[in-house]
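Before any questions on how it binds or moves, here is one chain, the form predicted on its own, in structure tokens.
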Amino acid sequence: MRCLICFEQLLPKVDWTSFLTVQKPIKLCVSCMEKFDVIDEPGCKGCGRKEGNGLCFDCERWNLSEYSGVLEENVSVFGYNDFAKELVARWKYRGDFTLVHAFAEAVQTKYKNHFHGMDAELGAIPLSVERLLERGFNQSEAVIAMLGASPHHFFKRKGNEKQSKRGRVERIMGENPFVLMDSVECPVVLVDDIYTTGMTVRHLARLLKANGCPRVHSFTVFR
């Protein structure tokens, strides 16, 4: 067995419990596990930022804008440190899809613990046809599948420009690139890989809230 991330050989711990219980497969070495910046208790209850205490400056600004109240919260599993950036680049842009198993268990546990008992639909973030052909998969749908659910496709995308290539001001000041396909009358959790400025989920949340959705949350792997 080798670590899914660094390919270091994994040496399972062997003791009496190894023979008495079924052992879960080891997927990561200790070194790689320690590089994940786990968000146990976010400092900001609005966007899930690990640092701070209370609403962060960004969330305070959102609350003073036309997007005030459209998003209940963002919940994230890990901080987006340099280790996470390289991991996402390999998974999302270089075709190493098996890396999804490196963080699957943590993602599943965080979602189950936080959204336990909530009767909500999991909404996928749409990609343009060009982006989908380029990557070979939709990362939002991949995370939803990881959670054991089926994605709901409430939206379609109007443009083809990559959000990752746009700066913060461009994202916030840009036109809403999404269209809602139908009204939604139940709570929705929007699922994606990364929360950056929060503009994408607020574009979508605003459309949902304007068309019958009572509450919109977002859940992302990285913040």
Partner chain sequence: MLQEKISFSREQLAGKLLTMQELPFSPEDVNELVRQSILNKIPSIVTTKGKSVCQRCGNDRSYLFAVFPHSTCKNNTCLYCRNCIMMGRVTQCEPLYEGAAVIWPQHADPCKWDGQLTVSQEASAQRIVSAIEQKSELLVWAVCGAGKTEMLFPGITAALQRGLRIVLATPRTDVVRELLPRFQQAFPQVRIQALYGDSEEKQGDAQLLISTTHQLFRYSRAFDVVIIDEIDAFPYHNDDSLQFAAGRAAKTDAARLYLTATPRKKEKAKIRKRTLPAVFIPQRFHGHPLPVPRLKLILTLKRHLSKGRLPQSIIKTIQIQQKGSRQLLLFVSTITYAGAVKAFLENDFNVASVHAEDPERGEKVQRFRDRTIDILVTTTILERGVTFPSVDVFVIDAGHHVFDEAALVQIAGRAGRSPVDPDGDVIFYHFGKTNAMLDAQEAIIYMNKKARKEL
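Quick caveat, the model's predicted, so the values are computed rather than measured. Positions refer to the first chain, counted from 1.
Unshown form predicted in complex with its partner chain; subsequent notes refer to it.
Query raised in the report: Though only this chain appears here, would Leu133 touch its partner chain in the model of the complex if you measure heavy atom gaps against 4.5 Å?
Result: Within the cut-off, so yes.
Query raised in the report: Is there a heavy atom of Asn113 no more than 4.5 Å from a heavy atom of its partner chain in the model of the complex?
Result: Close contact is absent here: in the model of the complex, Asn113 is far from its partner chain, nothing within 4.5 Å, heavy atoms only.
Query raised in the report: Would Thr109 show up as a contact with its partner chain in the model of the complex if we use heavy atoms at 4.5 Å?
Result: Taking the distances in the model of the complex, the answer for Thr109 is no, it never comes within 4.5 Å of its partner chain.
Query raised in the report: Any of the heavy atoms of Asp96 lying within 4.5 Å of its partner chain in the model of the complex?
Result: The answer is yes: Asp96 has a heavy atom within 4.5 Å of its partner chain.
Requested in this report: Mind telling me which stretch in 133-141, 148-156, 77-85, 118-126 gets its heavy atoms within 4.5 Å of its partner chain in the model of the complex?
Outcome: Answer to the contact question: 133-141.
Query raised in the report: Are all three of Phe57, Arg61 and Met199 close to its partner chain in the model of the complex, meaning a heavy atom of each within 4.5 Å?
Result: So, no: the whole triplet misses its partner chain.
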